[in-house]
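Single chain ahead, written as structure tokens, the form predicted alone.
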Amino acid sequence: MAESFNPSAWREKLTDELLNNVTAFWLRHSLDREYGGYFNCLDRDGSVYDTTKHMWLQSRMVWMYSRLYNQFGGESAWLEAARLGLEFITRHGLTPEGRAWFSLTREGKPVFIQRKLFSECFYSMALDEYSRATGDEPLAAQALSMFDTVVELADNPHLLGRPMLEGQPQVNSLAVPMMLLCCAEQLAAGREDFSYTGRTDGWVEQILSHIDPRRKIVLENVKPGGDELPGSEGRLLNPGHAIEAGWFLLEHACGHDGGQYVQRALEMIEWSFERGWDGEHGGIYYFLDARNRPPVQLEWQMKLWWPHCEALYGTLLAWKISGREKFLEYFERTWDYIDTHLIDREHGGWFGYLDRRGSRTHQLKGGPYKCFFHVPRTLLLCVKLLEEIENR
């Protein structure tokens, strides 16, 4: 299979998808030139069906447009789009105490705040990536300051406003160390004095604690020491999330002499893809139960856009690093599913939500949890990786 794999042809295909379909769709429909920021609730044809602006998505889109500008040719329209969102989130996005809102009105009035730290993470990453495009040092300093807030929230969850109830078990959720590692990698690039470099090993160990090698699974939630939690929460599998964590670790290992956990990261991707792939109808399940008990998430059988995005890049990276043809087969299988079920050739962009059989449950292209982020990030990552493979 590897002998017939043409990285140049794949690079051209995915570049076309990134620029002429996905980016073109969101540039055409998402920019709010009256109030700033982005419309993230877009119907199939790009029309706006809700003007609520979700801060974590606004920040993700600032990051994405800035990353495109920084890594893919410096197109002025991308920087202008990033600026439109950057000005909105810095003007309206923070509480008086320095937290990030979860959602805002179109004009920028606060609607809701979450008891989670992810809006703050993406705010920090957005400011940092935009500062790299413009050389704005005060903005870079603000990004670092917000990450201080993120780490403080992670170390002291009660600051998020969550009541700590008597019967509530302590939980290490995979999402938190993943996000801390991702954000730290972003901010550390080019900064020898980055103050959290010494903590990344701890976040890596937290991620690794979710792996059960005996059962070949990656648990979404474990006890702080890595022991299994009781009940449905402790049996929860999220295959797309585990694959994403796997490629986070692979990238971190390649950049930090982390060869000791490359094999574990490859196993995370392999086991999660194999466990998560629906052998009857194709595609990756949203949730599963580690002991094949009934998942409590009613949407567990659905096929969402973002796990397939994570699998597309994760398997390509795993193949490049390991040379194992199994990962290349996973990559091509994932693309075939995406191409058949998710890409909208009529109106542009990608659909997000399918039932188990692959029929669309929603026509939308954007909503409170879907924006211009996972799809273009994956395509950009794949294109840059294919360039490396071509030049190898």
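Since this is a predicted model, take the numbers as computed values, not measurements. Don't overthink the numbering: it's just position in the shown sequence, from 1.
Form predicted in complex with another copy of the chain: not shown, discussed below.
- The candidate site formed by F5, R191 and K320 is entirely out of contact with another copy of the chain in the predicted bound form, as no residue has a non-hydrogen atom within 4.5 angstroms of it.
- Residue contact check for Y353: one or more of its heavy atoms lie within 4.5 Å of another copy of the chain in the predicted bound form.
- Although the partner is absent here, W271 lies well away from another copy of the chain in the predicted bound form, with no heavy atom inside 4.5 Å.
- The closest non-hydrogen atom of E299 lies within 4.5 Å of another copy of the chain in the predicted bound form.
- Among heavy atoms of S47, some come within 4.5 Å of another copy of the chain in the predicted bound form.
- This chain is displayed without another copy of the chain, yet in the predicted bound form the stretch 228-236 from 228-236, 272-280, 83-91, 215-223 comes within 4.5 Å of it by heavy atoms.
- Taking F147, W101, Y313, W203 one by one, only a single residue has any non-hydrogen atom within 4.5 Å of another copy of the chain in the predicted bound form, and it is W101.
- Interface residue among I211, M179, L117, L304, judged by heavy atoms within 4.5 Å of another copy of the chain in the predicted bound form: L304.
- For the stretch 344-380, the set of residues having any non-hydrogen atom within 4.5 angstroms of another copy of the chain in the predicted bound form comprises Y353, D355, R357, S359, T361, H362, L364, P368, in sequence order.
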